[in-house]
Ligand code: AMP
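As structure tokens, one chain now follows by itself in the form predicted alone.
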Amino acid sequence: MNIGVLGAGQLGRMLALAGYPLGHTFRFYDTAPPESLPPAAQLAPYVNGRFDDLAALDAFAAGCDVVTYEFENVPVGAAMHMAESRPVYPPPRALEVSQDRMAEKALFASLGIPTPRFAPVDSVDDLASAIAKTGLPAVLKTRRLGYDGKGQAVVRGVPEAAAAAARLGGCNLILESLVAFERELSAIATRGRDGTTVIYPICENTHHEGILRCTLAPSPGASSAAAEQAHRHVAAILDHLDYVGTLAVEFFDTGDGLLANEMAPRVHNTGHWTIEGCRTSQFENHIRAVTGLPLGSVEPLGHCAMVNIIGRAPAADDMLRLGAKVHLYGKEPRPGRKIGHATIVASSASELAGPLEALRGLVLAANQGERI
């Protein structure tokens, strides 16, 4: 099949790398200028266009058997328009829900999935009632378009909340209680066209300044009860949305249960470890799902650590000497930018610890001591 992908970043690049061995071809559509050579455009034909240009979207879709997307801020209208002529997976409804944090939390609540306390903030006048519902401290977020910690602020008092609301635009916000959690977990699953579902081992994530730095899989700290709860919740979301493709759901593990934070209707950074760490990666299973192929085994191949390379990359040979598998995305380095990741797989958690510490040290040194 010729697979059309909306978006041309590193996730699209890894989708193509997973799909080529299965005999598929790819086309990418994005707003980035061709001369910037987005990561996926380095591997496959690339169309530069606007997402509100329906004629350009039609021309793109005409050369595709199926359409998917690699980032969740694709305008829903564009996905719905393309679905009139081609299969689009995951379903545009999943895209729509994920783009609005209120709609996302409402979906979780409707399915009985616990979340932090939350309330809408449609104007500064709503702050008092929202704070009464969530309590303080809390996190004030834009309802749309925030990622990697952008578009949000922790607030501990009413004046601070008012200032943050003004800074974030004063409307279309959501206030969520600040959760004291033991660890952040993510559940990644793939659902096929026939409803068959596979769920990867629960992984544990470390962030700094809102950006994912490291993922450990399977999670060394999560209980079996927490893993079962995460599996149950992600399966409920997949079935409710009649989902096709890979979905990631992030949870806060409080020690007394899980609280759902957000979902991403696409392959996800916290699942990059599956390329080397599982029988079938999240990228290959996504391609299998959207093209109607049987899903592959998600059996883990050991204890795995994935470290994001942010800013500048260490020398590749130094990482390779540690036994790491290195993935660089063909992006120009700059502070705070994900330009690649490296993965280490070991037979035990104790065997993993030494190489992981050394790998983190290399990334730290390459970025002149910036915490990772």
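One-based numbering along the sequence shown. Note that this is a predicted model, so its numbers are computed, not measured.
Omitted from view is the form predicted together with the named molecule, to which the following refers.
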Partner-free chain; cross-checking the named molecule in the predicted complex, the single residue of Pro159, Gly210, Gly112, Gly135 with a heavy atom within 4.5 Å is Gly210
Students should find that, of Ser98, Gln229, Asn261, Ser219, the residue having a non-hydrogen atom no more than 4.5 angstroms from the named molecule in the predicted complex is Asn261
| query | Looking in the predicted complex, is the named molecule within 4.5 Å of a heavy atom from each of Leu322, Ser347 and Glu351? | reply | no
Partner proximity in the predicted complex: Glu204 to the named molecule, non-hydrogen atom cutoff 4.5 Å:
no
- So in the predicted complex, does Lys141 come within 4.5 Å of the named molecule, heavy atom to heavy atom? yes
In the predicted complex, does Gln152 come within 4.5 Å of the named molecule, counting heavy atoms only? yes
Notebook entry, point to check: Hey, in the predicted complex, does Asn172 get a heavy atom within 4.5 angstroms of the named molecule?
Noted result: no
Exactly one listed stretch (284 to 292, 271 to 279, 249 to 257, 121 to 129) reaches within 4.5 angstroms of the named molecule in the predicted complex by non-hydrogen atoms, and it is 249 to 257
In sequence order, the residues of 158 to 195 that place a heavy atom within 4.5 Å of the named molecule in the predicted complex are Glu176, Ser177, Leu178, Val179, Phe181, Glu184
